[in-house]
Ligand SMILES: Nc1ncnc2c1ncn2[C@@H]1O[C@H](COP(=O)(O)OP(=O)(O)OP(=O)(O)O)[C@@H](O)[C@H]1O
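Just the one chain here, the form predicted alone, laid out as C-alpha cells.
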C-alpha cells in the first residue's frame, strides 16, 4: 500500500493539490548535461476543481502530472495531496492516457472492473457505479421499451471504436470514485466529432461527482471548454506563466462560437503563445 506521509493514500478524501517550489531535472551523463524540464512551479488546486494545463510540446506538462501522481519524484520542492506530503505513488487516483491501455483479452466490463480485482474492493456498490458509468458514457443504449440497442459490456477492445475504447478507459479510471482524476491528452487519438461528445460526457460526469481534475491537453479550445482554471506553461523549462480563471456558467456549449466570452479566453491564451514565440503569425513575422 502506497502512503502519503504517514497516512494511507487509499483513505484520502480531500483532492487538493499543492506544489511548493516544484522543480525537476532529468539527469544526463554529467551535471552540465542535465535537462531542466520543469520549474520552479508554485501551485494550489482546491479539492473539486477542474484544472487544465496547456503549453508547447516538451514543456513538461506530462512530467508535472507524473510528479503529482507520485510516479516521478521531483528533483526539488514538494507535493502535498489533501494536506499530506506525497512520498510514494498515489493509489487513490484515476489516470487516463491518450492510449486507452485496455487489456485486449478482457471485455469492456472486465476492463472497468479490473479496479475491483486489483483493489479487492468489488461489491454491489462498485458494480452499481460501473453500471451508471456505462450508461452515462453511452456505452449502453436502450430504446423506448428498455431493450438494449447497444451494449459494449461484453465486447472486447478490438470490437469497439476508438471513441468507445476511450470511454471504457474513462470508466475504468472513475469506477472506484477517486477524489483526483489525472488525464494526459485523453482525447488526442479521437476524431473531431467524437472528441466533442466525449468532452461533453466528461463534463457531465465531473458535474455529478466533482473530483479534482488535472487535465493535460494541447487543445486550447478543449482546455477553455472544460475547465475552472487554465494554466499556461512556458517553453522548457516549463513554468506557469498565466493562471486563468474561466468564469463561464456550466454546462458549456459544444461549440465555442455559441459563447463569445469563451472565445475571448482562447484568444488571450493564443496571444500568450505568440508573445512567447511558441506560435508565429504572419503579422508577427513581418519586419
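The shown structure was predicted, so the numbers you read here are calculated from the model rather than taken from an experiment. Residue numbers count along the first chain shown, from 1.
There is another form of this protein, the form predicted together with this ligand, and it is not shown here; the text below is about that form.
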Contact of residue 218 with this ligand in the model of the complex (heavy atom, 4.5 Å): yes
Heavy atom of residue 60 within 4.5 Å of this ligand in the model of the complex: yes
Partner proximity in the model of the complex: residue 56 to this ligand, non-hydrogen atom cutoff 4.5 Å: yes
Residue contact check: residue 262 to this ligand in the model of the complex, 4.5 Å heavy atom: no
Contacting member of 68, 226, 41, 37, with respect to this ligand in the model of the complex [4.5 Å, heavy atom]: 37
